[in-house]
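Before any questions on binding or motion, here is one chain by itself as structure tokens, the form predicted alone.
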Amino acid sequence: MSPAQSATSASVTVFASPGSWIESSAVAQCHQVATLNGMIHVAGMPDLHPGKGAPIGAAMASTVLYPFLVGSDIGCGIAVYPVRLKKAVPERVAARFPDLDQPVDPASRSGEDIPAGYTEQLGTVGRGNHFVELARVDAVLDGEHAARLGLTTGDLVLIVHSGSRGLGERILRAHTEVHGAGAAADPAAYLAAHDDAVRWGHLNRRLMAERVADAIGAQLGEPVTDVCHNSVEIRDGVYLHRKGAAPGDGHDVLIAGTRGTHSYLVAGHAGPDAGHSVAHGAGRKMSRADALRRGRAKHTVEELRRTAVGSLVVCGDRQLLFEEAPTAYKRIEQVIGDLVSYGLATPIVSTLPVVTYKTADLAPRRGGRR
């Protein structure tokens, strides 16, 4: 037994029905984490899937702070901004999306407090499952709550999913180069850096929303939610780590589906057994390698750029298109159904994508437009 392991394991609960797609390796990672010194409880969400060394879609309570359980993308989260746009024609909107791989000039943000002074990558989305999406409210599922948020069927929203980019990576690297997967030697110092990364993530999502709204000619409203799902907080005297799990105790959370399916804005009311948390998305059911291999055999690039719901995907990286294909993810309806059946969340509205940005598509098209 290594020094980081406890003689007894913490409790593990997975909030998923028998019919849900949960890989045994993800459950095994939950039980592995449960053996860490100081671990009290591990709660797996219905979008649980295996990660690099620790499960994704889990809330983990411990008397010891473990930075690797939060990961490198500290403060990654999803914000939802109401927008007003006269006509949301997918082709026109897609052609006007800005290049969110190119950062904004820090000098243009004069007077703005940039957390940790990290001026690189400001206003950029990153890779992996990150995206910026113009979506439409498809159905109102809780009329009273939706009315409080000012949302109704047909409304347009910008959904922004990204995190702290290189800042979070730098923070985790500084820890792992000395301590590996061990505990934080100075929890207060780590938490201070962590909180900077969380604030940076919020700023980054707002900057991207502003960039997109300006480019497509939309009026941007105040966010109805902006909640991160990679974080750690001190809760009831212990460290509550969340990796791919959003705060679900009184927060409204956007649980993202895929590029070709619904997403759901839910009201979370999860208790301590669930780590006061809810799912953060549909959750992968295929590794990126499997999705790439199977996707190339099943889909064409154009099939993935125009989804089954009629939306468009802006993505110049063909490999990423296949890795992020809707078939690589669990059914979002199953995830939401599990949250409801376990009493962890109540759906407010569902949304459908109009245009989803993954990476810049710089290939010339007819008429000379991107």
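Since this is a predicted model, take the numbers as computed values, not measurements. We number the residues from 1 along the sequence you see.
What follows is about the form predicted together with the DNA, which we do not show.
- Partner proximity in the model of the complex, defined as non-hydrogen atoms within 4.5 angstroms of the DNA, places exactly one of 232-240, 184-192, 207-215, 118-126 at the interface: 118-126.
- Distance criterion of 4.5 Å from any heavy atom to the DNA in the model of the complex singles out Glu169 from the list Glu169, Asp273, Asp142, Asp290.
- Although the partner is absent here, Thr258 lies well away from the DNA in the model of the complex, with no heavy atom inside 4.5 Å.
- Shown alone here, Ser72 lies within 4.5 Å of the DNA in the model of the complex, counting heavy atoms only.
- The closest non-hydrogen atom of His175 lies beyond 4.5 Å of the DNA in the model of the complex.
- Among residues of the shown chain, His202 is not one whose heavy atoms approach the DNA to within 4.5 Å in the model of the complex.
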